[in-house]
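The chain below stands alone and is given as structure tokens, in the form predicted alone.
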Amino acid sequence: MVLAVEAKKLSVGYEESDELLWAVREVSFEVRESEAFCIVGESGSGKSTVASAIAGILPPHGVTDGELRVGGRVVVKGNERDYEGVRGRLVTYVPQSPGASLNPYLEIGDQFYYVLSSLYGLSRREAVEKARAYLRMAGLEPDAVLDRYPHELSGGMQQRAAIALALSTGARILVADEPTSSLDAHLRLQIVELLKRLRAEAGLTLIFITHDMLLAGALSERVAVMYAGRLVELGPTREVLRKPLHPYTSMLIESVPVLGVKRPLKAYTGEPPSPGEPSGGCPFYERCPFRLEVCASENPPAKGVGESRRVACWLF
């Protein structure tokens, strides 16, 4: 089994008022080459921080611990980070909003040129030629896009252009951080279908970040569920959706409607703890309907359940 990404007790934190606040704590998982892998959780769960670590775009002041390998290269070892030759070449990134990756002052064609000339020294003609190929792959007509500024494109076209730009670097690992959250339902479906098609055609490893378990079900083969900076459940997506092990995973699933299935929806209850909030026990304790006495004082370790699943819960 060839691994595209491997995290071993990865932690990411930030210093605030002389205090270190951990956004991600000791997260361990593996992503196989050519796999579609989803990381799911509410806002503040740490999923986007993990995505930023994989893509090599953590803020310079971020503190890291543990180990992270991308494309077989160690990019995080303790608090040392080295993404040279990895960012853009081995792993590429699509942010939640295309405005975060598309420069509003540059035409789309120029954006491809600056990225590809910086990475590979391509001439403008070579870069535009490559841009045409990837824009077509993303379902856009190059002549209608290349000479336009981002604000002249619809939201769906901007996101397609951002995906085309990311893929044009030739990286085999694509990290997509909630790329559909700002789109309406119709465009969201289009982008999901586009990512599925591109992954199948190009043999990409797709790491998709979302808060929506049903979206994870439509896109991924395996899913990692994060809560309060920790990984609480990991397993094949279909199995997790059919029989969630962690109470938090159940809450995520029960809060979204399923087409053709009649069941009452349950709203999220309570709030996740803030980063740095002291907790000697399970971070989900206050919201959990199945909490045990031990949950208040001891954080549960991750435990294997069967051959392919892992859960951090005292119920197991």
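Predicted, not measured: the structure shown is a model, and the values here were computed from it. For clarity, a rigid core is taken as the largest C-alpha set superposing within 1.5 Å between two forms. When you see a residue number, it is the position in the sequence shown, counting from 1.
Omitted here: the form predicted together with a small molecule. The next part is about that form.
Chemist: Examine E19 and determine whether its closest non-hydrogen atom to the small molecule in the predicted bound form is within 4.5 angstroms.
Modeler: Result no; E19 lies far from the small molecule in the predicted bound form.
Chemist: Counting only non-hydrogen atoms and a 4.5 angstroms cut-off, does G44 reach the small molecule in the predicted bound form?
Modeler: Yes, contact at 4.5 Å.
Chemist: So in the predicted bound form, does L10 come within 4.5 Å of the small molecule, heavy atom to heavy atom?
Modeler: Contact with the small molecule, no.
Chemist: I'd like to know if P59 sits close to the small molecule in the predicted bound form, meaning any non-hydrogen atom pair within 4.5 angstroms.
Modeler: P59 belongs to the contact set for the small molecule.
Chemist: Out of the stretches listed (65-73, 287-295, 245-253, 36-44), which one is close to the small molecule in the predicted bound form, meaning heavy atoms within 4.5 Å?
Modeler: So the stretch in question is 36-44.
Chemist: Is E19 displaced by at least 2 Å at its C-alpha between this form and the one not shown when the rigid core is overlaid?
Modeler: Passes the 2 Å threshold, so yes.
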